[in-house]
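Listed next as structure tokens is one chain, alone, in the form predicted on its own.
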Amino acid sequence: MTAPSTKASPPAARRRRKNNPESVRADILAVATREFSEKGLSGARIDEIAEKTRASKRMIYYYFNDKETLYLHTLEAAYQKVRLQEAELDLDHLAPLEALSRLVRFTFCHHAKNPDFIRLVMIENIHHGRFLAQSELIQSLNAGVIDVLTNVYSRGVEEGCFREGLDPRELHWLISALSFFNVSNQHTFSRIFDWHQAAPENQQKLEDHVTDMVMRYVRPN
């Protein structure tokens, strides 16, 4: 006699996912990230998001109330993802030079691998940061990264490997700007100068250059 299969049927699996609110929310946010990053707040449609998720339009409204609230939660999820990954770098246990170098390389690689995040930030800038300003979570997350960088910089100054007088916020701006441009202007820069910027060997060179520029900037003269 054949033993009954323990593998859930597709309908049963779908029911189980629907009964898991966190799974449903994560699925909605993943699709919403792609839709908002490609079409912006005004161009994205709840109908299209619902079609591409395991959730109904009604369920999306149940969890997020309206499109603007969904957009805000999408922004929060994107920032939370990058900040959680930064926390895993465990920079407090590294020497200042190594810690800063690791942070720069992480930022460059994260942005290169997550173009949706860059496009979301660009879209939010079109809205003058209006939605971001509504989020205490995003404010808290971004304050945290400045605290981490301040700690690394302060230790470096004490050890004599970083020069005095730098503002950690400006240092964060520099790291972000160099890493951000690599993604935000990649297509136009590549076409204007007939250069395959996205090629792995060119990305490695740029990662090395960006890291070198930041490290030279903080070292004593």
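When you see a residue number, it is the position in the sequence shown, counting from 1. Just so it is clear, the structure is predicted and the values come from calculations on it, not from any experiment.
Quick note: we don't show the form predicted in complex with another copy of the chain, though the next part is all about it.
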statement: In this chain shown alone, the residue from Asn65, Ser56, Ser154, Ser42 with a heavy atom within 4.5 Å of another copy of the chain in the predicted bound form is Ser42
message: Between Ala112, Leu89, Leu132, Ala95, only one gets a heavy atom within 4.5 angstroms of another copy of the chain in the predicted bound form; which residue is that?
response: Leu132
message: Quick check on Ile28: any heavy atom within 4.5 Å of another copy of the chain in the predicted bound form?
response: no
query: Is there a heavy atom of Ser23 no more than 4.5 Å from a heavy atom of another copy of the chain in the predicted bound form?
result: no
message: I'd like to check something about Phe181: if you look in the predicted bound form, is any of its heavy atoms closer than or equal to 4.5 Å to a heavy atom of another copy of the chain?
response: yes
Distance check, His73 to another copy of the chain in the predicted bound form, heavy atom within 4.5 Å: no
- prompt: So which residues in 116-135, when you check another copy of the chain in the predicted bound form, have a heavy atom no farther than 4.5 Å from it?
  reply: Arg119, Val121, Met122, Ile123, Glu124, Asn125, Ile126, His128, Gly129, Arg130, Leu132, Ala133
